[in-house]
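Given next, in structure tokens, is a single chain: the form predicted alone.
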Amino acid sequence: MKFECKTAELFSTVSTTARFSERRASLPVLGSILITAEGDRLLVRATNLECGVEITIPAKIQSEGIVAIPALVFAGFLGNARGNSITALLSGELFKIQSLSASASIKTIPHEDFPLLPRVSAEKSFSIKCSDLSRVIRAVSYCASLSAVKPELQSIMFYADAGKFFAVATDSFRLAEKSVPLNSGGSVPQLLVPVRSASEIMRILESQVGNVEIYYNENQLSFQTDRIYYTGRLLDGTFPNYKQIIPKSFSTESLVLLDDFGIALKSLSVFSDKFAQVSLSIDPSKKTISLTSRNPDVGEQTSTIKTTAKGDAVTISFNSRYLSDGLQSILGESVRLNSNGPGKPMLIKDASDDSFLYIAMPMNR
């Protein structure tokens, strides 16, 4: 094997695939990346058996071949490489790399035991823009549970209905839903993607343009772009029927500027207690929202911001982080806060965009 390719392209590809290698693998081959040189391209592959990725980049191939090398070692060298191009040569058990200012010899790993990436049948598939899939994952991923008590909540649920693609995540204390148009129309059943895998999908697709084709069956999901193939397992479980907790009407509705609300929450964090509790009061008669945070060891603070509101006055306590997290996915200037009183969940939405909703549960102390 001998090839030459652009330094930046190879570094980006190896850095991405290295994230799918198993750093504490019992099998050394799972801590490596597999590079195949054929024709006029390199195929760079890695997997941790839960999910895997293969990325294709152009290269000048002088002699074809295949090699498995430690992922982090190769990524570390490329991260400090200088010059526009990299040359590489497989010589016996050593993979020799040359950049403008440095060279290295990396001991290879027998590649015969490197796992194949499963290919999901194309019988069930749909198409979506790369940017849209990345965007919906980013909009909801922070709501997925970190606890293994309910494995189904450690996922992001994908589904499609009436030409819209939805991503939903919840940890039982808050919930986020984001929708985008589905290129192929139609419907897609519920697919539970582990949040770790979904986050990697997001990172991969952020820099991609065009559409991504997604294939799925009962146990696996894969996607294909013009140069990237990803495959990963789906969780086996039943996602909560979250539609049941979304109120259809509200006793209090409020409209507030996003910046005002976000700054007030950030300021209150200085005085928050160990539960990060903040008291939120909406007073439609005074057209104000008051936010109060108390810590017996520090003091207390109250921030008052202007609002347009109607309905009943209400005071509810929340974990301040649960409120502020929901604001990161709102792109408009104003936020709608909808409530049905103490002890009830609050619905937070972008005032100018119905494609995103966020629900925060109140604190019961």
Partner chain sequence: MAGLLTADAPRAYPVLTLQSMTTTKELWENALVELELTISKPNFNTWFRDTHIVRVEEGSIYLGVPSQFARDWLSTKFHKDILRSLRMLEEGIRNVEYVISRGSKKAPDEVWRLPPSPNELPLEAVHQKSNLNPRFTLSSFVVGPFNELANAAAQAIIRKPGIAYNPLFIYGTTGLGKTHLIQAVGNHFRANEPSRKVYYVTSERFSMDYVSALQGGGEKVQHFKEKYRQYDLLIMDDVQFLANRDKIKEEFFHLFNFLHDNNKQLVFSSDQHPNVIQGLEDRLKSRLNAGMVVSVTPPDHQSRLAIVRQKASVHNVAFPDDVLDYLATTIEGNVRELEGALNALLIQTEMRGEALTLPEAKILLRGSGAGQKKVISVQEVVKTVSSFYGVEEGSIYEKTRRKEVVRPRQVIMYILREDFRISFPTIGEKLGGRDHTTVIHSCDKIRNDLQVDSVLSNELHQIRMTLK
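Because the structure is predicted, anything quoted here is derived from the model rather than measured. Positions refer to the first chain, counted from 1.
Same protein, other form: the form predicted together with the partner chain, not shown, and the subject of what follows.
Asker: Mark K178 yes when one of its heavy atoms lies within 4.5 Å of a heavy atom of the partner chain in the predicted bound form, and no otherwise.
Answerer: No - in the predicted bound form, heavy atoms of K178 and the partner chain never come within 4.5 Å of each other.
Asker: Does the partner chain come within 4.5 Å of any heavy atom of S99 in the predicted bound form?
Answerer: S99: no contact with the partner chain in the predicted bound form.
Asker: State yes or no: in the predicted bound form, is some non-hydrogen atom of K150 no more than 4.5 angstroms from a non-hydrogen atom of the partner chain?
Answerer: Although the partner chain is absent here, K150 would touch it in the predicted bound form, with heavy atoms inside 4.5 Å.
Asker: Do C51 and the partner chain share at least one heavy atom pair within 4.5 Å in the predicted bound form?
Answerer: Yes, C51 sits close enough to the partner chain in the predicted bound form that at least one of its heavy atoms falls within 4.5 Å.
Asker: Report yes if all three of L90, R138 and G210 come within 4.5 Å of the partner chain in the predicted bound form by some heavy atom, otherwise no.
Answerer: Zero of three within 4.5 Å in the predicted bound form.
Asker: Just to be sure I understand the contacts: of S184, S267, N219, Q190, which is the one whose heavy atoms reach within 4.5 angstroms of the partner chain in the predicted bound form?
Answerer: By the 4.5 Å heavy-atom cutoff, the listed residue in contact is N219.
Asker: In the predicted bound form, which of the listed residues (I245, L255, L94, I263) lies with a heavy atom within 4.5 Å of the partner chain?
Answerer: By the 4.5 Å criterion, the partner-contacting residue is I245.
Asker: Within 4.5 Å of the partner chain in the predicted bound form, counting heavy atoms only, one of 278 to 286, 128 to 136, 79 to 87, 235 to 243 shows up; tell me which.
Answerer: It is 235 to 243 that comes within 4.5 Å of the partner.
Asker: Heavy atom within 4.5 Å of the partner chain in the predicted bound form: which residues of 167 to 184 qualify?
Answerer: T170, S172, F173, R174, L175, in sequence order.
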